[in-house]
Ligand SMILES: CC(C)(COP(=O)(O)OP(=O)(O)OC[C@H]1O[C@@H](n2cnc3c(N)ncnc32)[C@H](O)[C@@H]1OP(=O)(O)O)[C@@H](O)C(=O)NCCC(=O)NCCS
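Below, in structure tokens: the form predicted on its own, a single chain.
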Amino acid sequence: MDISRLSSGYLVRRLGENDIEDIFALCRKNELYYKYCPPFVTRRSIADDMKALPPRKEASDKYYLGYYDGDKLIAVMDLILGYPDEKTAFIGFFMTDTSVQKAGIGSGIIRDLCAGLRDMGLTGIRLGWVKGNPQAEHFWRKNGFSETGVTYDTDGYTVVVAQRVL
């Protein structure tokens, strides 16, 4: 996949172990997210997330992406292609830096992502938000995602599964 096609305004690149400190700096400022989705971020949890895969997926299907405005990391996304089916992508995690929230930047990133994935032949995106997190639910609904009716419980919270047709 040509990840440069996923954004019209930002440099997008795969993130790796050398980027963990920058990712940690971005994530730790988003205290509201971790209030609803504990535990609080650690460098170890980021490293683990970089390798985490859903069933029947391989590392080549996973894109742990950073969005950059110049040299500044402004967003992080965990994207899995072909999950839960061949024509769907799955966003396992998406977070913008607190300094760019409520400015339309996150929505712009998602808009460009949807266009890029559609151009690649995908027909949908699926994700989950933590039930009761008003910020997450509002963001994803505003960006065209609808509840599927599926929820699942994890340690301490319930995930609402949502999707968007491309």
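This one's a predicted model, so the numbers in the text were calculated from it and none came from an experiment. Residue indices: 1-based, along the sequence shown.
One more form of this protein exists, namely the form predicted together with the ligand; it is left out here, but the text below deals with it.
Residues with any non-hydrogen atom within 4.5 angstroms of the ligand in the predicted bound form fall in just one of 102 to 110, 65 to 73, 40 to 48, 115 to 123: 102 to 110.
138 is the sole member of 35, 56, 138, 28 with a non-hydrogen atom lying within 4.5 angstroms of the ligand in the predicted bound form. The ligand is not shown here, but in the predicted bound form it comes within 4.5 Å of a heavy atom of residue 93.
Although the partner is absent here, residue 134 sits close enough that one of its heavy atoms falls within 4.5 Å of the ligand in the predicted bound form. The shortest heavy atom separation between residue 142 and the ligand in the predicted bound form is within 4.5 Å.
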